[in-house]
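Let's start with one chain on its own, the form predicted alone, as structure tokens.
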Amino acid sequence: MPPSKREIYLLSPKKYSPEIIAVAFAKTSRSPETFRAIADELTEEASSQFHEKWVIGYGHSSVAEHAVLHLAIENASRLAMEAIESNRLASYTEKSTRYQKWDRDQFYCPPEILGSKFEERFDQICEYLFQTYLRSLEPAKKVVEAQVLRNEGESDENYDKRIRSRYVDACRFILPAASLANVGMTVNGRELESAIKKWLSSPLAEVREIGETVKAAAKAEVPTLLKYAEPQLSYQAMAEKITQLSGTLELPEEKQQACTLVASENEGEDRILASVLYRFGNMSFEQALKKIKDTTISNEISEVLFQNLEKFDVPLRELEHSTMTFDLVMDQGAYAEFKRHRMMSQTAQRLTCSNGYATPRLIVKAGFELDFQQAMGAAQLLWNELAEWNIDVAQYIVPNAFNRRVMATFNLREAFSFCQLRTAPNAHFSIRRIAQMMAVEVKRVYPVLSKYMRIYDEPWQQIELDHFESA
């Protein structure tokens, strides 16, 4: 009997609902029929019953990963975006603060503040920050125009598009976390249920409302899979108690270093190289590690690992067998980009005004430093009062310029990805500075393997000199 012909095809969401597609894939483990045949026999009701029994009743949650949704979330605050984008296994594309400009009324007033004694002042300070941002654009643009020549015959519109990120990069430091943004999210049913549970458990009313709205919208496509997405009361109680224990409002005694390596594994490089031998050889890991230590083949293995990689190729997963942990301080604008690296494990503290702020050098060159300082001061005064009232809601008023503490743990493979991407010349100067600092430590801990990272040669000290008046 001739072998069956291989077939590869789409189960298109144009024809089948996400829940039907998920059931069709799940049933292949027990059914000899083709995916098409299985899907064509299914109804919405039968699919719902299947999910109710197997996914919800028996906990076979991986089935829900085959149901994929595309969510458009508009006019959510930058602060809410952090909660929305905190899910590792989803994909996001967010409105950029580098290539777009914000109008004066594009900010969110949180429900907690409405009707409180802070409502009028919150609106006033947000309007003031946005007005300051808009006033900064033209003087900053003039500085850039003096540095970047216009091409012959280039229109005003095309010239501005070409240089816009250079001056908006600095002006965006003024925008508060209340600034509105849009994001497109692609996510499977299992991850979406987890996300909704987190959102519904948030201390912020805006994020909880987003959770309810997303749940209602998504249930039109996957009604059964999200049926029991409810708040995690245990998380809410835990967060409240630990916040009380931590002494949130205590100020740092001294300025913290921007990049501190707080943990790395002994023999991490040897373990990675041994794991490569283990993959392609026929030995125990202990034997492979002994061979790495007792011979001189480390450099040869490293060279073979990387010598033929093309620009967009990724190294082997064996680079994941060793990790580093950093304690970082970066401005909020940099964190907005840093948070996108979700293969890391990141722990960000609340956004506050207690760690100082960064001043872009372009703002100073534009003669706008005093206006910038006054805007930062006004935001900090209100934050001080809001933080005593509600430490979570106070985050909305904090501009991008203020520094934030973030702890990040990641493996060498992720270090390659992050450092190569974020040291590139087209990356924002704030994230380039942090990436170059981290690259210095990666090179120190992994002297052999790090030689193959494609890092743009730009010392972080030079970035500070070129782009920051203070950081």
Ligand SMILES: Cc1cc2nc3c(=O)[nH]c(=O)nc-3n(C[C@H](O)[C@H](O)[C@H](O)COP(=O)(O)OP(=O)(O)OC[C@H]3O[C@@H](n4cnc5c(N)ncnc54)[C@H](O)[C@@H]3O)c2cc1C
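Throughout, we count residues from 1 along the sequence that is shown. Values in this document were obtained by computation on a predicted structure and should not be read as measured data.
From this point on, the text means the form predicted together with this ligand, which you will not see here.
**Student:** In the predicted complex, does residue 93 have a heavy atom within 4.5 Å of this ligand?
**Tutor:** Yes, residue 93 is a contact residue.
**Student:** With the cut-off set at 4.5 Å between non-hydrogen atoms, does residue 316 touch this ligand in the predicted complex?
**Tutor:** Flag for residue 316 set to no.
**Student:** Is residue 340 close enough to this ligand in the predicted complex to count, meaning some heavy atom within 4.5 Å?
**Tutor:** Output for residue 340 is yes: heavy atoms within 4.5 Å of this ligand.
**Student:** So in the predicted complex, does any heavy atom of residue 421 sit within 4.5 Å of this ligand?
**Tutor:** Yes, residue 421 sits close enough to this ligand in the predicted complex that at least one of its heavy atoms falls within 4.5 Å.
**Student:** Can you pick the stretch from 342-350, 173-181, 364-372, 120-128 whose heavy atoms fall within 4.5 Å of this ligand in the predicted complex?
**Tutor:** Answer to the contact question: 342-350.
**Student:** For the spot marked by 287, 298 and 300, is every residue within 4.5 Å of this ligand in the predicted complex through some heavy atom?
**Tutor:** Zero of three within 4.5 Å in the predicted complex.
**Student:** Under the 4.5 Å heavy atom criterion, name the residues of 410-435 that approach this ligand in the predicted complex, in sequence order.
**Tutor:** Read in sequence order, the residues that approach this ligand (within 4.5 Å, in the predicted complex) are 414, 417, 421, 422, 426.
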